[in-house]
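Below you'll find only one chain, the form predicted alone, shown as structure tokens.
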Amino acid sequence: MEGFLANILNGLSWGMLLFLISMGLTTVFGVMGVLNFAHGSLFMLGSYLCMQFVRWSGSFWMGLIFGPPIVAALSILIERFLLRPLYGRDVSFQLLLTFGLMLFLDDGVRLIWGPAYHVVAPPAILAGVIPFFSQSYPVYRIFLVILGPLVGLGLWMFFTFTRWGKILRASAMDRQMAEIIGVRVPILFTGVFAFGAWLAALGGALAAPHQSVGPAMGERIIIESFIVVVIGGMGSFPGAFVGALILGLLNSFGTTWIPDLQMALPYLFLAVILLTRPRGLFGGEA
């Protein structure tokens, strides 16, 4: 029983990190129609910046506060000077650009911080373990399990009750109509891209004490994030949440019960979803 509950907590903690980055990915796609292959690299950059601030200040919270805004500022430059000239062109141009950015950022990280993996200790208040039946469980993972729904609730309230949230939802449903009624779409796109990058970097900063910080960490997360977005439905907020939970639990239970098939489980589940609900669990009917 305790092993079963531990697997649930492990799945939820990883699922909450997946939710943060998937939420940014699906928001960018829902509003801008851009599939950002560099999103995982922004997640990785958030982890590295958090690690760097920890080295400078000795405080994890400094990395969590200042790392994501730096990534968001970088994304503003990317959207303004690289992505914006491609709006209106074939979508393959955007895919090639974001793929090139992914390679550039990955190599840039290796150039600055080297190819080695780094360890970031959790803050003192979240370090250590708590008793969990006859064993123990890391406090930091409990923190991630609690933080994820709170962030999700905050995002839901932002999209539901704030003026900017309503503008984003309206633009996601009909961009042309939003432009006709006075929404400044170029500024909106820049803000959405920066917001998505901030979420990715926030997930990366939170992941730093959860896993090793290394140059390949963005590759795994972007593949799983795309799976989450497709499972939940492209552009769907609840879909990203449910999809991230499902994938996190699949990874956790798969590693324990059927380790030989664990890596294949997300792809098998994705295949089932595409065959039965091509637009995802929360997408419209095809």
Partner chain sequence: MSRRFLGYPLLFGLLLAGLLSLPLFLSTYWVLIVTEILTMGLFAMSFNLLFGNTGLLSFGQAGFFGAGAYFAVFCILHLSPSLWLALICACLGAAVLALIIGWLSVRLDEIYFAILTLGFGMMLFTVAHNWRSVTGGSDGLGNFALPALNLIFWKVSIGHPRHFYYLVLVVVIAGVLFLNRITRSPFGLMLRATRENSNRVSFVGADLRMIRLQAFVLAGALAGLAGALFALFNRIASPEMLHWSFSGKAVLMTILGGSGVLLGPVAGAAIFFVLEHWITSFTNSWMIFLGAILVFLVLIFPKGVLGTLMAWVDKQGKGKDS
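Just so it is clear, the structure is predicted and the values come from calculations on it, not from any experiment. Numbering follows the first chain given and starts at 1.
Here the subject shifts to the form predicted together with the partner chain, a form of this protein not shown in this document.
Chemist: When you measure heavy atoms, are 49, 51 and 119 every one within 4.5 angstroms of the partner chain in the model of the complex?
Modeler: Contact check failed for every one of 49, 51 and 119.
Chemist: Which of these residues, 144, 72, 101, 167, gets a heavy atom within 4.5 Å of the partner chain in the model of the complex?
Modeler: That would be 101.
Chemist: Within 4.5 Å of the partner chain in the model of the complex, heavy atoms considered, which of 135, 176, 92, 162?
Modeler: The residue in contact is 92.
Chemist: My question is simply whether residue 123 lines the interface with the partner chain in the model of the complex - judged by any non-hydrogen atom within 4.5 Å.
Modeler: Outside the cut-off, so no.
Chemist: Though only this chain appears here, would residue 241 touch the partner chain in the model of the complex if you measure heavy atom gaps against 4.5 Å?
Modeler: Outside the cut-off, so no.
Chemist: Under a 4.5 Å heavy atom criterion, is residue 114 part of the interface with the partner chain in the model of the complex?
Modeler: No, residue 114 stays farther than 4.5 Å from the partner chain in the model of the complex.
Chemist: Does any heavy atom of residue 185 come within 4.5 Å of a heavy atom of the partner chain in the model of the complex?
Modeler: Residue 185: no, not in contact with the partner chain in the model of the complex.
Chemist: Any idea which of 185-193, 80-88, 149-157, 201-209 reaches within 4.5 Å of the partner chain in the model of the complex, heavy atoms considered?
Modeler: Going through the listed ranges, the match is 80-88.
Chemist: Given a 4.5 Å distance limit between heavy atoms, list every residue of 265-280 close to the partner chain in the model of the complex, or none if there are none.
Modeler: Contacting residues: 267, 268, 270, 271, 274, 275, 278, 279.
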